[in-house]
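Shown next as structure tokens: one chain only, the form predicted alone.
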Amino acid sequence: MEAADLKEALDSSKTIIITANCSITYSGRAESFLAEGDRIIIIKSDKTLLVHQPGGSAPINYMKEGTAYKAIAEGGKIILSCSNGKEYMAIYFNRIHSFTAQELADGQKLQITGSEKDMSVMIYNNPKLIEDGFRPLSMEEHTRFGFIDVFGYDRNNVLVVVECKRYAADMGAVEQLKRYVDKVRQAKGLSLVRGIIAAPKITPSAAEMLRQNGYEHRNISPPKYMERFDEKQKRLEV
């Protein structure tokens, strides 16, 4: 890699990946010096810069998008000068192991499944997961005291509040359910409102607190894939 190669790639807004032995100075959020070592340097098309060490997921140094770059050759080595507002970084390359520059395009957004909202949708569309005769009226119901995941009636026309948790339900989840049930009972002037926690697991202390309050637990796991629901299961799987 020559300084001219790096400059051409930067000017054309290509995504650049360099593996190299280098040292780095930084001034901005703090002052830092990273002594000579092997690094992975990524410069994205929006001019974000990430410096990774061989291990770990977080960058050891970074510069935000919109950073300005200047590549110069000095004493037979390449120096990459980076500036963004009051932040400055200089990368001193000792040895270049590899250099690639590509025009990359990706307009997709990450699709996440398995959230508590997905659980609400799954239960709303498959009310037998709660019990036979359950009739959901709404999901993600916004009230003045919070969001109720699933709201409905049982076969005896008793109002039911369902609180979804994608992991193990703890005492905090039971306390949250109790607040919703108490508020709904007061707001509607009802003597009986059922409370149910839908979660794959529940801690022993939460189970005891649930029992003491007359609430119930349904062993339901969040959907993990965008697949057709199988009524024989209490989760969505391949």
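Note that residue numbering begins at 1 and tracks the sequence as displayed. Model, not experiment: these values are computed from the prediction.
Below: the form predicted in complex with the DNA, not depicted.
message = Taking the DNA as it sits in the predicted complex, is residue 89 in contact with it (heavy atom to heavy atom, 4.5 Å or less)?
response = Yes.
ask   = Heavy atom to heavy atom, is residue 29 within 4.5 Å of the DNA in the predicted complex?
value = The answer is yes: residue 29 has a heavy atom within 4.5 Å of the DNA.
inquiry  = Can you work out whether residue 147 and the DNA are in contact in the predicted complex, taking contact to mean some heavy atom pair no more than 4.5 Å apart?
reply    = Heavy-atom contact with the DNA at 4.5 Å: present for residue 147.
Residue 62, heavy atom within 4.5 angstroms of the DNA in the predicted complex = Yes, contact at 4.5 Å.
ask   = Between the options 190, 42, 68, 171, which residue brings a heavy atom to within 4.5 Å of the DNA in the predicted complex?
value = In short, 171.
request  = Please name which of the stretches 157-165, 72-80, 127-135, 96-104 has residues with heavy atoms lying within 4.5 Å of the DNA in the predicted complex.
outcome  = Stretch 157-165 is the one.
ask   = Considering only 182-204, what residues come within 4.5 Å of the DNA in the predicted complex, judged by heavy atoms?
value = Contacts from 182-204: 201, 203, 204.
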